[in-house]
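Single chain ahead, written as structure tokens, the form predicted on its own.
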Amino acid sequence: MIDIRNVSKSYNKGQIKAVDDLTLTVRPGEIFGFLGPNGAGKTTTIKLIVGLLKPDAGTIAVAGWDTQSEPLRAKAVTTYVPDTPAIYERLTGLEYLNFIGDVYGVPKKARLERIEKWLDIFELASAVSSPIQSYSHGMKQKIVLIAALLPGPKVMVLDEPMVGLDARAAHHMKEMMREHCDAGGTLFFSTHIMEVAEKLCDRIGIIHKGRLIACGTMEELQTRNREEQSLESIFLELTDK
């Protein structure tokens, strides 16, 4: 569902290589966790996948659509939650959700059902008529997550989606991630919370200094390193080398 081939991206006229010859495939029905230290290239990779950045080299395809030659088709099947909520804050929550529904062409009946369902789950119904600028950080994160769920996308790309969420909302978020992939969707997300990645992900990739240094199931990562190790221990060992 996400196919990254020999992708590189540099900044500062090539002096800083944020992503270095990255090749990675994320399958349909898979929750893929993307880990790395600060500055390892996680957010750059995510922005390349969703089309906010152009690669210097290599190709990326989402659901079979090349992100460079068919950008609108790729974006039409993808939703994205950034690490910091980026929203039109003068809109009310409901206006924002309807705007996203219009952009993705979500039919009215499905839109109303999905909005009602997720507002209830994330306990945001009482605030949805208020301007987003009055929301707390956690509430903004919730409205962005609901907007990402609204189109019923094939591919969800989430950058640190748990940041700012309370325990109940984080629990619902993890349930949603599993349900989305059990229904055949694909979910690619970055996180610093090792316990979440270890318990939730079907496969995990670790990026360090722009290069993918490990990729596989938890069992495969343990076999390559030492069995019975936690993901945190594996991560610390690999990124310290």
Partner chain sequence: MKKFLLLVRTGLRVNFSLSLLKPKYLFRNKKDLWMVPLIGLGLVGLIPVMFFYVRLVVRMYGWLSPLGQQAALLTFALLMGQFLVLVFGFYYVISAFYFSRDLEILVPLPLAPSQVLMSKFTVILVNEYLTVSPIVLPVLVTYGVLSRGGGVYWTRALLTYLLLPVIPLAVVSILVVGLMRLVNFGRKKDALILAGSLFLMTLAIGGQFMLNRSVGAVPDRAAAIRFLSAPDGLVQQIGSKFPPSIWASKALAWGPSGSGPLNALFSIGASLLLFAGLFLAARRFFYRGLIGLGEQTARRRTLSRDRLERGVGSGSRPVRAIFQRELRIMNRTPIFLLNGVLSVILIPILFVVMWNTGKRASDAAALMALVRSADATIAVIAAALFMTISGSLNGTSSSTFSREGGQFWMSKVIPVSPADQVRGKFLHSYAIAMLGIAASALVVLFVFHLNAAVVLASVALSMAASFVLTAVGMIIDLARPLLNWTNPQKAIKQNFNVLLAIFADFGVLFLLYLAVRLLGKLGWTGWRTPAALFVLLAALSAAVFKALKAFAARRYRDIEV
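Keep in mind that what you see is a predicted model, and the values were worked out from it rather than measured. Residue numbers count along the first chain shown, from 1.
There is another form of the same protein, the form predicted together with the partner chain; it is not shown, and what comes next is about it.
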{"item": "Segment that reaches the partner chain in the model of the complex - one of 48 to 56, 172 to 180, 211 to 219, 34 to 42, heavy atoms within 4.5 Å", "value": "48 to 56"}
{"item": "Partner contact for residue 154 in the model of the complex: the partner chain, 4.5 angstroms, heavy atom", "value": "no"}
{"item": "Contact flag, residue 166 vs the partner chain in the model of the complex, heavy atom cut 4.5 Å", "value": "no"}
{"item": "Contact of residue 118 with the partner chain in the model of the complex (heavy atom, 4.5 Å)", "value": "no"}
{"item": "Distance check, residue 158 to the partner chain in the model of the complex, heavy atom within 4.5 Å", "value": "no"}
{"item": "Partner contacts in the model of the complex for 92 to 111 (non-hydrogen atom within 4.5 angstroms of the partner chain)", "value": "92, 94, 95, 96, 98, 99, 101, 102, 103, 104, 105, 106, 107, 108, 111"}
